[in-house]
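A lone chain, given as structure tokens: the form predicted on its own.
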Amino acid sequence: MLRFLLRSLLLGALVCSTVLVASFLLSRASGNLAINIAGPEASAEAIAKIQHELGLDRPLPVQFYDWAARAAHGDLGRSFLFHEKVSSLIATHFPVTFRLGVFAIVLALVVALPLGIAAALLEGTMFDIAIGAVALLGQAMPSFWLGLLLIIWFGIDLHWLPIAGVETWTGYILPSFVLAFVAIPVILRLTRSGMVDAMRADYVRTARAKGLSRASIVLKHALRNAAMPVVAVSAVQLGFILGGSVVVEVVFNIHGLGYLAWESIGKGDFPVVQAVVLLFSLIFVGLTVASDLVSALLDPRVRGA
């Protein structure tokens, strides 16, 4: 078990390092921040002065090493454009994104689990085919397009729900549904596949031979085994939801961490962009490692893989 944990942590560290280096290089290649601050009409001397003050005239490896060393000690630097500590900006914006992600994954589970179980029990029927079509549609539909449709239908036409902001709990409904719609197909199809395999297993046939009720077989025997991969993939999907909140927060004008990242990318605010990427990477890797550990605890075969 310890070897399995160390291997997962090592892979997670490699993924985080690769993402950070890539985001650092891409952010530097996206434009000259000194020009954005000084303005397009600024002189070369003024631009060079700003570059020197911000340390942008140093070699890229030195800039990256300095940032990584400070970040390792909890110092994420200051925003060039917001003139605040990056840690303060993240502390202000992250709770909104976190609540949005939790609402979305809970909604995805509430919708996907019953539908996946029903599709497995009705395998081959029109209901099963329709559920498969909905799952395929959910995977193919862009989040921003679905968000705009919901804004038009429920916000503008029907006036049922707010179309921007999260001043009240109702503001979370539409964006949470959009984010959940991304995770629902994955959880649904995995639940269906696991239930189909479980219902064909020998222990289910034995349970039937003993005269157990269909509800008892489904809930106490088949679902227990089919739920193991669902638990693992749900944790990973939460990471995808949090990372994918950028588009949804922009569409619904929600000032969470995704919106902050979008603003910072557009303005070339490197310290904020790097800190957000670091946080999202750590969250995703942490959830992935946690899902691996849960799978290993529930199924010893995973530990020996």
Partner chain sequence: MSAIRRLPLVLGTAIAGFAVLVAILGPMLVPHDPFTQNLAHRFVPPEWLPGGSPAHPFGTDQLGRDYLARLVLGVRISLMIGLTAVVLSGLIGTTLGVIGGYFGGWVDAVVMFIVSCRLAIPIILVALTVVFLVGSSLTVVMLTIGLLLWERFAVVSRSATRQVASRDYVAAAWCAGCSRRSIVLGEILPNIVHHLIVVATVDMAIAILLAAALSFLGLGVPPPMPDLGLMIAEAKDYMFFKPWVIEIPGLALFVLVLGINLLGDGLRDLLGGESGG
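Numbering follows the first chain given and starts at 1. Since this is a predicted model, take the numbers as computed values, not measurements.
Separately, the form predicted in complex with its partner chain exists; it is not shown, and the next lines address it.
- Task: Kindly confirm or deny that 145, 152 and 276 each have some heavy atom within 4.5 angstroms of its partner chain in the predicted bound form.
- Result: All of them do, each having a heavy atom within 4.5 Å of the partner.
- Have a look at 126, 215, 209, 72 for me and say which one sits with a heavy atom within 4.5 Å of its partner chain in the predicted bound form. Here the answer is residue option 126.
- Message: Can you work out whether residue 55 and its partner chain are in contact in the predicted bound form, taking contact to mean some heavy atom pair no more than 4.5 Å apart?
- Response: Output for residue 55 is no: heavy atoms all beyond 4.5 Å of its partner chain.
- Message: in the predicted bound form, does residue 64 come within 4.5 Å of its partner chain, counting heavy atoms only?
- Response: Residue 64: no contact with its partner chain in the predicted bound form.
- Any chance residue 21 has a heavy atom within 4.5 Å of its partner chain in the predicted bound form? No, residue 21 sits far enough from its partner chain in the predicted bound form that none of its heavy atoms falls within 4.5 Å.
- Query: Wondering, does residue 140 line up within 4.5 Å of its partner chain in the predicted bound form on heavy atoms?
  - Reply: Although its partner chain is absent here, residue 140 would touch it in the predicted bound form, with heavy atoms inside 4.5 Å.
- Task: Enumerate the residues of 229 to 252 that have a non-hydrogen atom within 4.5 Å of its partner chain in the predicted bound form, in sequence order, or give none.
- Result: Residues within 4.5 Å: 240, 243, 244, 246, 247, 250, 251.
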